[in-house]
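We begin with a single chain expressed as structure tokens, specifically the form predicted alone.
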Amino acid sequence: MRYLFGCSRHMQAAFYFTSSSPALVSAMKVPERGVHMTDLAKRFEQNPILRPEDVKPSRPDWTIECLLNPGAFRYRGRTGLLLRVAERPPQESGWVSTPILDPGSDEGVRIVRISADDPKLQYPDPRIFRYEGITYLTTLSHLRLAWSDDGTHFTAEAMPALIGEGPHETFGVEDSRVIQIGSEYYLTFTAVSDRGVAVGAARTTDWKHFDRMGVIFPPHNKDCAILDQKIGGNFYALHRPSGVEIGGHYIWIARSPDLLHWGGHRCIAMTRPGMWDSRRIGAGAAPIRTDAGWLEIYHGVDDAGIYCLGLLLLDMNDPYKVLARSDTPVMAPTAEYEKRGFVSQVVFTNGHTVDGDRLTLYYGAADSVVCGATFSIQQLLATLK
């Protein structure tokens, strides 16, 4: 489950809990894998544009492990990114520890700390651990703003814009998508707690004050991207409920008259055995309006665990209808900073800006750093049959 993160999935879990050094992770042998595709991305020469050391931790005694998957928007002539910042206290050899938001504690957070030798400790994935029937993340995420005058060079604000609130966000908030409707900006994000993984929402007009709208899709759900205009009196949202034993990680669509109450749910895209998106799929940022229809950039994962990007084209007047879909990816992890990191072989996006035919994509690379790339929208459309 990719809403969690940590070191490369090729690492032994015991090593993960005694070291968090990116240099050690990068030095490991990662299998080279090939994905049949035509990579259309023009990556920024400055990539990565934001690294963990570019962002100040929210607490002086914590460290930022990685930056991931920003939402993107324009505000007063500047480009804004809403970063996912993953942090925790420094790890001790022989111990497993993670922070949990706890309003009842003196500092608003408590540290779960368990001996690595405890027989009740289980860590089936290096990004999570289980203890006495409870599954924990190994880090805590919040959302942080970063600003740029040119869309390339960004400076992060000193403190978080949004942190987890209430019982549905005790494990943090992650992976925001942003749309603008009039003077308001609407945010969707992943809300994580021991109650499950859900979709939360908020809105703002000034990026200083946020109106929290609560959970709009209950667990297990994430990857929620809202179309930025009404169609026939309704808004539409792509989302990703997940099947545990029956079903899978598929893209669904729903409609709403008010961005709060959602219904008319329908599955519009499933994983495809033997292809680049065989294991799971999920929406990226809001679909882009084009003459051909709504163009959605989505992520897919194959059986080898490689995260790539491809396209869905939805009917302009009826987004329940899928007109076309990528047979091969339009972007795959090919740069070194995409191939090796905390989770290797990953390009993952949920934010972009559009200027005519130019699409500027902001994405997380190897679950470690934030990068940028540009595409021609017409060139993307030309890949679809």
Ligand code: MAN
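Heads up: residue numbers just count along the shown sequence, starting at 1. What you see is a predicted model; the values in this text were computed from it and never measured.
One more form of this protein, predicted in complex with the ligand, exists but is not displayed; see below.
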- request: Flag His168 as yes or no: does it have a non-hydrogen atom within 4.5 angstroms of any non-hydrogen atom of the ligand in the model of the complex?
  value: no
- prompt: Within a 4.5 Å heavy atom cut-off, is Leu50 in contact with the ligand in the model of the complex?
  reply: no
message: Is Tyr307 part of the interface with the ligand in the model of the complex - any heavy atom within 4.5 Å?
response: yes
field: Close approach of Arg88 to the ligand in the model of the complex, 4.5 Å, heavy atom
entry: no
Listed residue (His249, Arg144, Arg127, His239) with a non-hydrogen atom within 4.5 angstroms of the ligand in the model of the complex: Arg127
- request: Within 4.5 Å of the ligand in the model of the complex, counting heavy atoms only, one of 354-362, 52-60, 338-346, 38-46 shows up; tell me which.
  value: 338-346
- prompt: Counting only heavy atoms, which residues in 218-247 are within 4.5 Å of the ligand in the model of the complex?
  reply: Lys222
